[in-house]
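One chain comes next, on its own, written as structure tokens: the form predicted on its own.
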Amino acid sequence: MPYRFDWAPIWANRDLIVDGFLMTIALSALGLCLALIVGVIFGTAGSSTRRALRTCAAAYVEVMRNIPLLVHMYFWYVGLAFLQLPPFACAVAALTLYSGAYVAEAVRSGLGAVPRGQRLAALATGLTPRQSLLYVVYPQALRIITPSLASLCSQLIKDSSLASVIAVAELTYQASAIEGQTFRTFEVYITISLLYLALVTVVTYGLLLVPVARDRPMQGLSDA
């Protein structure tokens, strides 16, 4: 007997889907911003000339990256239940620490790919070490790692679906609830798949359009 699609139950529950979609955007956006901050800090430490900083950054990356994200979720929500953190905060913390480790590696590799002469040339012009890092090294590293960051961003959005296991009412959680009430499995998961696809596509290509990621290197310094 052929399967007959019925989209009426999905349309009737559109409010839940919209709420879940907005929650996914909020969860992904906050997790992404914090992961970028954490990644830049530990990525910079990983490229430092100081051994203690490199060791600290490497330890963070190895610990966070080698533990599954689902375990991170349970750690914050169940393991630290005595803190009584809301599920959303637990999901953001898990996504931040887990994805931050991947961002840190991307930042470290990007900083390492900038020729040392670039920084020396910046220092020779009178810039302080911090200014040379901010105005010369970081912009070039960002341009180098933008494709990797776009991939990490899309992965973080997809990873946010794991927050459904700790009762965060994001898109996958709402889809599961609707499926349980209507038994329209194909329809509801096709719908959220299209929403995830649209969100990931917009974020990925949007990040590639960031001006600093497309600018050409400063000619004078690139020749240094």
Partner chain sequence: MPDVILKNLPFLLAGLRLTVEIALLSIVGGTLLGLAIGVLRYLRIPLIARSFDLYVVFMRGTPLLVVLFSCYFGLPALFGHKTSAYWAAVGGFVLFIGAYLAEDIRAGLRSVSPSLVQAALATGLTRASVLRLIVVPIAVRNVIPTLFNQYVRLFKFTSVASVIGVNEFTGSAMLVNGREFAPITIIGFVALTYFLLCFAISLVGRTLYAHLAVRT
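Positions refer to the first chain, counted from 1. In this text, all values refer to a predicted model and were calculated from it rather than measured experimentally.
Here the subject shifts to the form predicted together with its partner chain, a form of this protein not shown in this document.
Highlighted residues N66, L80 and T172: every one comes within 4.5 Å of its partner chain in the predicted complex, counting any heavy atom.
Scanning S193, T55, S48, T182 against its partner chain in the predicted complex with a 4.5 Å heavy atom cut-off leaves one residue, S193. Contact annotation: V71 falls within 4.5 Å of its partner chain in the predicted complex, judged by heavy atom distances. Its partner chain is not shown here, and in the predicted complex it never comes within 4.5 Å of any heavy atom of C33. Mapping the unseen interface onto this chain, A29 falls outside it, with no heavy atom inside 4.5 Å of its partner chain in the predicted complex. The closest non-hydrogen atom of F75 lies within 4.5 Å of its partner chain in the predicted complex. The stretch from 84 to 92, 113 to 121, 136 to 144, 98 to 106 that comes within 4.5 Å of its partner chain in the predicted complex, counting heavy atoms only, is 98 to 106.
Contacts to its partner chain in the predicted complex (heavy atom within 4.5 Å) from stretch 159 to 189: D159, S161, L162, S164, V165, T172, S176, E179, T185, F186, Y189.
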